[in-house]
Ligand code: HEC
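In the block that follows, a single chain appears as C-alpha cells, in the form predicted on its own.
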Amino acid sequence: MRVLALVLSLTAIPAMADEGYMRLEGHGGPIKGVAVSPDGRHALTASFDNSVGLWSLSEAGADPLWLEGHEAAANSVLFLPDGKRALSAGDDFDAILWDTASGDMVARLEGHEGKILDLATTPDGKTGASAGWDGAVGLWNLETRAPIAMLEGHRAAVQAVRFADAGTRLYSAGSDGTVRVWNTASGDLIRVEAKHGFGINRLVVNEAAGWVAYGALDGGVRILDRESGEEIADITSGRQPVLALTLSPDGALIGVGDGEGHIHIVSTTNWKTVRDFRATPRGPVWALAFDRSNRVVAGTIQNYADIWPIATATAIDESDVALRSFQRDPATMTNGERQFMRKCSICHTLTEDGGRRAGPTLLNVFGRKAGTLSGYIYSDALSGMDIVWNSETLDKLFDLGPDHYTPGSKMPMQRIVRDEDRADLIAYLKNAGADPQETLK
C-alpha cells in the first residue's frame, strides 16, 4: 500500500496506510536536521527555510511551535538532556540555545567563521560542541552561554561531533577524511581515530558496546572499536554520499541515510540489514533520528519530515511524490522560468503567501524598496540599504552576487553569469510576479 496518500501535520493515518506513519508538515524548505526529545514526546526539525519546528508527537494535529532566530538555513538540532532546552545551528555561523516551553531564544552562541553542520551535548547538558565549516570544533559552556574553546586540527570543514565518556572526550569528523578524538578539559588532540580516503560526514558513538561508527562521502559506513581502532564491521550499502547516521535509544539499531534517498536500518547485534527502503524518490535523506518506539524520523529534500514504522516501511513510488518546483523538466519551461525554478524557487514564491520560505515572496518585487515587505523578518544589513528593486538593481544583484551587492543579507551566495540568463529571469519576475491588481513601476 502507498503510505503517501495522506496527510496533514501529525493527523492520524487513514486505514489504507501503514499504521504508525506520521508526517510533520509546515516548513517551507527541505528538512536538514531532526531530533527526538529524551521522553519521546516531542520532535525538532531544522529547515532550509531558516526555521526550527518543535512538534508534539503525542497530540495528533497539534501545530508546531516555531523557533525563529536563524538568519540562514538551519542545519542541526538537538534536545538537551533535560528536554527543557534545545540547540540549533545553521548557515548563519551561529548556534542558538532555546527554551522549549516558551520557544524563546535563551542565547546566541557566536564564534564560528563558517556554517555549522552538527551539534552535540554532554550527558549533563552543561557543555555543547559544534562542527564548523571553518575547520574548527567549538566547545560551549551552556550554563554561562560562553565559548570555552575552538579546537583546531582538521584540515578542512568539520562535519560531525559526538561526546563520549561522560563528556571528557569528544569525537569529530571532517572533510579531511579523519575522525579525531579530543580531551575536552584541555582541548588537546588525543589521537586520530580513523583515516578515510574521502570526507567523513556523520558520526555515532555507542559507549556501552565500545564502538564508534562513521559515514563518508563515498558511501562507506565503518564500525570501529573505540580502544584499538580496529574495524568491527563494514555496513556500506554502495550508495553515496552518507548524509545521516543515527543510533536507536536502545542501541540495537543504526540508521543510515544517503544522497540517493534511501534509509538503511542495520542490527548492531549481527550487523545485518533489518530494513532498506527508498524514503524519497528524488533527492537525499539529510537527517535521521529514532523515537522510543524505534520508528525513524527522516528529513529529506521534501518540505516535511516523515516518521516511519520500520517493520512496515516500503519504498516510495515516484508517482506518490509531487515534483518540487526546482525538479521540473527544464524542457517544459522558458529560460526565465527555468532560472527562477533553479535559482530562486526553493527560497521564494511568486504568490501573496510566502509559504514559510527562507526569503520573502517576489510578488510585486518591482518598485519595492529592499527590506520593507511587511511580515518578513529581514537582516539588519538589507533593512538599512537604499535599494529599490527594478531591472537594473536585480541585474546587479545576480551579476555581482548577494555577497557583494547586498553584503550581510540572508540571501545565499550565488551568481548568474550569462547576461541572457539574467535578462530572461528578470523578465520572468516582472511578468509572472505581477499582481493583476497592482501597477508595476
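Residue positions are given as counts along the sequence shown, with the first one as 1. Note that the structure is predicted; figures quoted are calculated from it, not measured.
Omitted from view is the form predicted in complex with the named molecule, to which the following refers.
Chemist: Looking at 264, 180, 348, 202, which is the one with a non-hydrogen atom within 4.5 Å of the named molecule in the model of the complex?
Modeler: When the named molecule is considered in the model of the complex, the option within 4.5 Å is 348.
Chemist: Only one of 416, 36, 57, 54 gets a heavy atom within 4.5 Å of the named molecule in the model of the complex. Which one?
Modeler: By the 4.5 Å criterion, the partner-contacting residue is 416.
Chemist: Residues 343, 379 and 394 are flagged as a possible site; in the model of the complex, is every one of them within 4.5 Å of the named molecule by some non-hydrogen atom?
Modeler: Looking in the model of the complex, the three residues 343, 379 and 394 all sit within 4.5 Å of the named molecule (heavy atoms).
Chemist: Would residue 389 show up as a contact with the named molecule in the model of the complex if we use heavy atoms at 4.5 Å?
Modeler: It does: once the named molecule is placed as it appears in the model of the complex, residue 389 has a heavy atom within 4.5 Å of it.
Chemist: Can you tell me if residue 410 lies within 4.5 angstroms of the named molecule in the model of the complex, counting non-hydrogen atoms only?
Modeler: Answer yes; at least one heavy atom of residue 410 falls within 4.5 Å of the named molecule in the model of the complex.
Chemist: Does the 4.5 Å heavy atom contact test between residue 160 and the named molecule in the model of the complex come out positive?
Modeler: Contact with the named molecule, no.
Chemist: Closest heavy atom of residue 359 to the named molecule in the model of the complex, within 4.5 Å or not?
Modeler: So residue 359 counts as contacting the named molecule.
Chemist: Where does the named molecule sit in the model of the complex: which of 366 to 374, 266 to 274, 102 to 110, 129 to 137, heavy atoms within 4.5 Å?
Modeler: Within 4.5 Å of the partner lies stretch 366 to 374.
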